[in-house]
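Taken one at a time, structure 1 and structure 2 that follow are two forms of one protein chain, written as structure tokens.
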Structure 1
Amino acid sequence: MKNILFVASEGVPFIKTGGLADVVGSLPKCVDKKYFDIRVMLPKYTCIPEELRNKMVYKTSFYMDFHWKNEYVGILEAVVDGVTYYFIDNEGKFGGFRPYSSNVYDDIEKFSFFCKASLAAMPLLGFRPDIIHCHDWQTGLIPVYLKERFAGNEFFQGIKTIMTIHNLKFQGKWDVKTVQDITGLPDYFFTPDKLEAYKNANLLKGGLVYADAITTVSETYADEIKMPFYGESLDGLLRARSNDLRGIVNGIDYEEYDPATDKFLDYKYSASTFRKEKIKNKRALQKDLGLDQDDKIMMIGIVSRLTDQKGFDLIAYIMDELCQDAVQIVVLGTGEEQYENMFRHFDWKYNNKVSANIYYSEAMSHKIYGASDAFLMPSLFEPCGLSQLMALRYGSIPIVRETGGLKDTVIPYNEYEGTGTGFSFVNYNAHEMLGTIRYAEKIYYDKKREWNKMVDRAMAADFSWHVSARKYQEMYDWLIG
């Protein structure tokens, strides 16, 4: 049996702000339990819902030196769906209404603490990982600390680390002196070949330098981040480590996201019944959201964090033009104020066609996947993207920009060969996107049979974890030897 410990800042069902939580919550369930024991370590945020906090059992606690103080570290444990979760507890560090604060400094302090405490807790778990699998910048210090203060401890000898990049844009950067003060790491680590990048300390960079292997969440993104445009200033390092870097596309939880059993859908449907049943969800959503009651109109869904990563500048640019067409646009998302207000504005202006739902809701997200005919995701960059996979599963045809995981998971429609599962465009250009949306409208309105065959293909595409989980297993085997 090989032991793997995921360390991450969020994971379903406990805490989620985006796709990272979906991956951390679903991949461990799908790895072969005969050979691998995968467990997950998360912070015990006070904003985790109470019914989930009640599932956690206190294991032990200790005090640890951190940032010139002696801090409490509690360890709790919970088992959900056969997966063991550990939680690092310290209310001062993990309080508040959200897992992340708007101030990077606070987050750097919080997650440096999390990294050090996670390592210090490991000998007390009764579970020695062969591999620590780290996710995003919040866990970047783990491979570093492992080579530093934990290196002398026999328990940690031979433990390997993997750093998975879910989003290279976020790196955990602050000035060297402050980060040195927080982390207690000596000068040696703050040089441009280690944690320093362009005069700042950079926690993700630390992880990328010291991890034994690096992965990211699609093959295309693995190529893209070796180039300056997508490399977020770390493309040089990623080129240098390209032998240790590979892309493994994400999957989604096919039990949780299943239109045939989805508890959030008013009308369940499957690949064989969508022609009759899916429309009922559209009617229900139109009624709920006060849109025109119209069976025939093409409904385009958007479920997303509202940030520039997701291509909202393109949408803002052509929204007036798009709203002249026979379409309905249903948005669910929260994030940057400018995009929240942009959608509120168009909801006000085209009230019977546009519905802006500026909040976070699991239930509403499922209803939109279940009701919409098409799903718009014109990202500027997209490491993998899970929303388009959910859309495919629910027979909502993705319209995407060909970048990162969007390129790897959506096959563009080819009307001559009758192939494809969605529509895509190449350049980050608003009218190229509008042209693609209009092409989709044309197929939807004029070639409904072709459209429905595309829905057949979309729903038949398999983005459950089993292929990708096997790739992780191969990597674990190879690393452990």
Structure 2
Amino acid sequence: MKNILFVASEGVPFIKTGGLADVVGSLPKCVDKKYFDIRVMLPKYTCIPEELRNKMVYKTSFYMDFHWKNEYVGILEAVVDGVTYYFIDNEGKFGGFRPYSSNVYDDIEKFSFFCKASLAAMPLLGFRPDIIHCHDWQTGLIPVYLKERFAGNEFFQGIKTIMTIHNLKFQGKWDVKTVQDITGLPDYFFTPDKLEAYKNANLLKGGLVYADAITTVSETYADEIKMPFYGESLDGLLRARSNDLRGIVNGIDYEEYDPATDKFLDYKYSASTFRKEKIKNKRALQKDLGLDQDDKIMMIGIVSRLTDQKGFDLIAYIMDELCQDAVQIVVLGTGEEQYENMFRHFDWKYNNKVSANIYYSEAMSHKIYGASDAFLMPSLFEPCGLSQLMALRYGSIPIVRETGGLKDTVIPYNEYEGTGTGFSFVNYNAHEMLGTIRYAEKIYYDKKREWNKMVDRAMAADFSWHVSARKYQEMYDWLIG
């Protein structure tokens, strides 16, 4: 039996702000339990819902020197869906209404504490990991501390570390002097070949330098981040470590996202019944949102954070042109004010064609996947992306830009070979995107049988966690040897 400990700043079902939580919550359930015992370590935030906090059982506690103080560290434990979770408790550090602060300094102090406390707690768990699998910059100090103050302790000898990058944009950067003061690490660690980068201390960089292996959340993104445009100033380091870097695409929970059993859908459907049943969800959504009641019109869904990264500047540029076509556009999400207002404006201008839902709702997102014919996702960069995987599962054909996980998971339609599960374009260009949307419209209206076959292929694609879990297992085997 090989023991793996995930250490992360968030994980489903306890706390979630993004895709990282889905990975941390789903992957341990899907690995082969005969060979791997995967457990998860999280901070015990006071903002975790009470019914989940009530599942936690106190295990032990101790005091640890951190940032010139003697700090309390409590360890709690909970078992959910057969997975053991440990929680590091310190209300001073993990209080508040949200897991992350708007001030990076606070987060650097909080997660430096979390890294050190997680390691200090391990000998008390009755579980010695062969591998500590660290996620994103919040856990970047674990491989560093393991080589520093924990190196002399026999318990930690031979433990390997993996650093997974979920989004390279977030790195945990602050000035060297402050980070040195918080972490207690000696000068030796703050050089350009270690934690220092462009005059700042960089916690993610520390993790990438000292981890035994590095992964990210799709094969294409693993290649992209070795180039300056996507590399967020760490491309040189990632090129240097390219032999230890691999991309494994995320999955989605195929029980939660299943149009045949989805509690949020008015009309359930499957790959064999979508031709008759999916249209009923479209009718229901058109009625709910006050759009024209028209079975034949092509409905394009967008469920996203409304930010530059997601390609909304491209959409803003061609929205007037697109609204001249026979399409309906249904948007759900919140984000940058300019894009929220842009969609509100087009909802006002083309009221029977555009529906702007500037909020977030799990139920509405499922309804959009279930009702829409196509799903638009023209990201500037996309480490993995989960929305396109959900769209495929629901037979809503993705229209994406070929970047990161979008390129790895959506096979472009080829009308000569009758292959593909979606439509894609290469350059970050508004009219190239519009051309691709219009090509999709042409197939939808003029070659309906071909479109339906594409839906068949999309719904048959397997992006469940079990596929990704097998690749992680191979990596764990390779690392432990």
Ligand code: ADP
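What we label the rigid core is the largest C-alpha set whose atoms superpose within 1.5 Å from one form to the other. For clarity, every value in this text was computed on a predicted model and none was experimentally measured. Residue 1 is the first residue of structure 1, and the numbers go on in sequence order from there.
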query: So which is it, 1 or 2, that shows the form predicted together with the named molecule?
result: 1
query: Based on which rigid part the C-alphas fit better between the two structures, which of 230, 284, 327, 468 occupies a hinge?
result: 468
statement: The number of degrees by which the smaller rigid part pivots relative to the larger between the two structures is 9
field: Per-residue Cα shift, residue 368, between the two structures [Å; core superposed]
entry: 3.0
